[in-house]
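For reference, the chain that follows is the form predicted alone, supplied as structure tokens.
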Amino acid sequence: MDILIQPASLDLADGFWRALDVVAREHRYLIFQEAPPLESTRKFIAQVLAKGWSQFYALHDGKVVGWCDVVRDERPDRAHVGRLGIGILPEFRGQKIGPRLLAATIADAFEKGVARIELEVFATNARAIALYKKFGFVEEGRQRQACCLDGVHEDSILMALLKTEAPQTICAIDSNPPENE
């Protein structure tokens, strides 16, 4: 299956919004239960581009099927910190898109001066936790019953990756390998 990983662009904002909405409505992976309004999403993408934050899309036949971003913290004492978000449409999971998106986004964020990347993941999302650990993220804490989705309380795991501790292979990973790989 041809999957292209590319930086965010305003012309793909609507496709990002659609993918975000699908994943949010699953009520299993994201804190919110539906995407923000489309216009808010367009403004967010414009902000990502204007501020030089890191966001990449996975495209299949020109359609956004996944995304990953690292948004910088703008407080002066945390300007070195970025927060990671990622999502992939259900029918495209299990095809190694997540690692490709992570590799491109993390490498880009580090190149742009981020020194620490944080994320929050539901404790029940073992597959994502395993992927984050593969990339060098370390569990730093747990928030008990941090969320309640569809009447079910979920713990959140807080993880972070420091640039100084990141596997050197992250920057060497090609996010768009040849088709035969």
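Note that residue numbering follows the sequence shown and begins at 1. All of these numbers come straight from a predicted model, not from anything done at the bench.
Note that the form predicted in complex with a small molecule isn't included here; everything after this is about it.
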Stretch from 38-46, 142-150, 129-137, 108-116 whose residues place a heavy atom within 4.5 Å of the small molecule in the predicted complex: 129-137
Contact of Ile88 with the small molecule in the predicted complex (heavy atom, 4.5 Å): yes
Distance check, Leu59 to the small molecule in the predicted complex, heavy atom within 4.5 Å: no
4.5 Å heavy atom contact, Val23 and the small molecule in the predicted complex: yes
4.5 Å heavy atom contact, Arg78 and the small molecule in the predicted complex: no
